[in-house]
Ligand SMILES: NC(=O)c1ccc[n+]([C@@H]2O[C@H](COP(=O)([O-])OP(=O)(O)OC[C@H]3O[C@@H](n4cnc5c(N)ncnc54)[C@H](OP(=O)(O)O)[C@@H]3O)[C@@H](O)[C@H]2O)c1
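The chain below stands alone and is given as structure tokens, in the form predicted alone.
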Amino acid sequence: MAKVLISGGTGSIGNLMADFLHRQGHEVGLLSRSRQSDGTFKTYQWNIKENYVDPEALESCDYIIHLAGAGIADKAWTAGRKKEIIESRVLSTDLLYNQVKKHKTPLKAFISASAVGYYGQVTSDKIFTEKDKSANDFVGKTCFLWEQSAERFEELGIRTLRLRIGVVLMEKGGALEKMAQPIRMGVGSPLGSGKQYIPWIHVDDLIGMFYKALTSEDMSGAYNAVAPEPASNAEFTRILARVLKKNLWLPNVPAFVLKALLGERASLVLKGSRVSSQKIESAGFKFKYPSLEPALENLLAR
């Protein structure tokens, strides 16, 4: 049994991660901005602005899974919001690094979330791999700085991993719920050209990847956390409508409408490229849901 500390553990993915690790027999602790306890997992307080982490959180800690970060699509990208998005990732990672260094915590691994946005918001024929450089747009720079702060754990001799996560498909919350709603109402349609790819992953596979990263001592560095069979926005929309047993009859939503509604954030839905899963598969990871339609059927039937 290992002690695993999860930042962002009270979020949707963090909750599922904690439950999974608990079922595997591990002791799980959660970092939260407020003291709380649900009776299953011990919650430790941390405060990024005050540079504080409850010292007890790191006692006998074997692994840290770092998921914390402000939602990138939740609010308009004002200058202040962009600063908050970056700092929520970088300063939180720096805080954990400084505390681990201060307390000389003998971590076996530090596993940080990142995102496929590392490669930028672009639609192209290129299939991005972990060897590709980060992009210069806002999302690319954010992911680069996020990963750069995580890489500091390597200076302490700690095995360090960064999972570049795609669009996570889950039963409640997240992108799938937002995409399914208009289709259920009979007004769904592809966005923009529909040619942009959606590098997606089923939440069960994502949790499995984190566990693979935690338990495989030969794994380190960056790995793309995406399914091996990407889909364009138009294809995704068609398959989702078929699973929901709904018809699509409206034309594509024009790009200018989305730009008017979302501003700069429109790039998150109007652009997207294919991202390779080959590296994680070569490390021995087996997908439960490599194809989109079975993944959607599983989630929407729950």
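Residue positions are given as counts along the sequence shown, with the first one as 1. These figures come from a predicted structure and were not determined experimentally.
The same protein also has a form predicted in complex with the ligand, omitted here; what follows describes it.
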{"query": "Partner-contacting position among W146, Y197, Y223, F128 - heavy atom within 4.5 Å of the ligand in the model of the complex", "finding": "W146"}
{"query": "Answer option from L67, L240, A57, V269, heavy atom within 4.5 Å of the ligand in the model of the complex", "finding": "L67"}
{"query": "Non-hydrogen atom within 4.5 Å of the ligand in the model of the complex for each of T10, I165 and V168", "finding": "yes"}
{"query": "S32, heavy atom within 4.5 angstroms of the ligand in the model of the complex", "finding": "yes"}
{"query": "Contact test in the model of the complex: I48 vs the ligand, heavy atoms, 4.5 Å", "finding": "yes"}
{"query": "4.5 angstroms heavy atom contact with the ligand in the model of the complex for S114", "finding": "yes"}
{"query": "E84 within 4.5 Å of the ligand in the model of the complex, heavy atoms", "finding": "yes"}
{"query": "Partner-proximal stretch of 211 to 219, 93 to 101, 152 to 160, 106 to 114 relative to the ligand in the model of the complex, 4.5 angstroms, heavy atom", "finding": "106 to 114"}
{"query": "Heavy atom contacts to the ligand in the model of the complex at 4.5 Å, residues of 83 to 109 in sequence order", "finding": "E84, S88, R89"}
